[in-house]
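Encoded as structure tokens, the following chain is the form predicted on its own, with no partner shown.
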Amino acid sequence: MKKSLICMVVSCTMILSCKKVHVTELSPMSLDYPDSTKVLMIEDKYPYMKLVTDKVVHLQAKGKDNTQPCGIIQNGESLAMRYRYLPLETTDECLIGQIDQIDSDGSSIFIFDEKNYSAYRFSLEDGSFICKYGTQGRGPGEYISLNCMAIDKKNKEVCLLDFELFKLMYFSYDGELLREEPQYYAYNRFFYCGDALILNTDRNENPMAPAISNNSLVLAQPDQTPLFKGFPHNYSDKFNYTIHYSLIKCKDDVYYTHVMSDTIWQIKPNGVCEAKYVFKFQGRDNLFDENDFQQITNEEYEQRKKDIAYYAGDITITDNFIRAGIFNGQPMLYSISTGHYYYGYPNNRYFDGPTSFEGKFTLDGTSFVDVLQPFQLLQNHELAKDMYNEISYDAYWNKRLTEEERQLLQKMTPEDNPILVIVDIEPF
């Protein structure tokens, strides 16, 4: 891994300082915008972000053979977990299909629903519905489908990307449409990073702007003008793998991972990309080197990963913890303040059912968030009724469920919106 990182630093810290050779004028991708709309000036080359690797922390990942890696391990102990339930209000205007993103400003919680192409705001205090952002259609503030949501907390704005109509829609926190901006080149996920934008082009081609084409990470100005790009991937056209959640947010910090690296990078607004954490797997080094970025195929990628443990692209980062899914291995929870590890799924169970802590979302980097579906909870409850006799069932209902859980079960219906579980874990 060290050798690979050194190669990346040597190749990528050579910030391009040559004069502009060519500048392309990009028009909006959508033909719906009039000719009077301003164009965007795109250079044919952009400097790479400066990669810094001197403070990297090694994360000891554990394989399925249960081998103990180096470091201090908390094994077989229950975590000290505190959690509260936040049922999201259900109305005809805010029916949620599948939550893809969660964010918060301290008093409200913002939900992006990738199944229904919708974005909502709820009260963080009681889960009551506050507003919805935009509606489906083709007019101002309307969309065909949504790709992602980004919260600009500095300006108190919610930005939605419609990759069908190629536009960005900016709303106030209260749901008022403030303005629309055209999309000038193809990207499908972005976050705010200070006053800049972090864009991920994924597998989208930008033939008019090849400098930021396939699998590019782009640091851009708020008007989408690129400043830097990250990592010389240049995957071969025969390689199609990517990580859906490659951009990770913790408060105002943005992290980046990609399928060809065991490293978690933190992106800074000044164009520095700092290696924060590296997964270390016992018995092997990094699976890929710089040559792989240019020539690996899907078949070679699959063969390299066969029957071994590797980072699965499933990460949550909070102020205190890193939670990661390990393919062919055990889920891990790393306590940043102590350097201790916890492997496997914690023993805490919500509603005394089979649903266990997964922690795939965070509440502004302070707490983990799990999502529970009422129809599944009610189904599990009915199974419990069938399993116990009357006396045993009364004991289950009165002793194994909390008062809050009993009240929630009594009034919930299968059609209700999800229940969020806000989880705080004591460092261990």
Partner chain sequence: MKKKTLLIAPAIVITALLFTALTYYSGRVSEYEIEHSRLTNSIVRLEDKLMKQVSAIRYKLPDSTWVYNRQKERVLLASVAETEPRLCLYADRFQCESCWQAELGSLAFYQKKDSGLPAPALLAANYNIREVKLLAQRNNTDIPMYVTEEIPVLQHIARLRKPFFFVLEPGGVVSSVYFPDEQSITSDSTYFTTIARRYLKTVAPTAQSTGKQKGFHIPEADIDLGDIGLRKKQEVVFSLVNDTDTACDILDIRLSCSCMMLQSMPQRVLPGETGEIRVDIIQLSKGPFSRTIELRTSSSDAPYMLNIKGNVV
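Numbering follows the first chain given and starts at 1. These figures come from a predicted structure and were not determined experimentally. Definition used throughout: the rigid core is the maximal C-alpha set that superposes within 1.5 Å between two forms.
There is another form of this protein, the form predicted in complex with its partner chain, and it is not shown here; the text below is about that form.
- This chain is displayed alone, yet in the model of the complex one of 282, 107, 295, 136 has a heavy atom within 4.5 Å of its partner chain; that residue is 136.
- Of the residues given (96, 177, 211, 165), 96 alone sits with a heavy atom within 4.5 Å of its partner chain in the model of the complex.
- The stretch in contact with its partner chain in the model of the complex, judged by heavy atoms within 4.5 Å, is 370-378, chosen from 370-378, 393-401, 22-30, 357-365.
- For residue 83, no non-hydrogen atom is located within 4.5 Å of its partner chain in the model of the complex, even though that partner is not displayed.
- Residue 310 falls outside the set of residues with a heavy atom inside 4.5 Å of its partner chain in the model of the complex.
- Though the partner is left out of this view, residue 201 does not reach within 4.5 Å of its partner chain in the model of the complex, counting heavy atoms only.
- The closest non-hydrogen atom of residue 120 lies within 4.5 Å of its partner chain in the model of the complex.
- In the model of the complex, the residues of 410-425 lying within 4.5 Å of its partner chain by at least one heavy atom are, in order, 414, 415, 416, 417, 418.
- Core-superposed comparison between the shown form and the other one: CA of residue 57 displaced by less than 2 Å.
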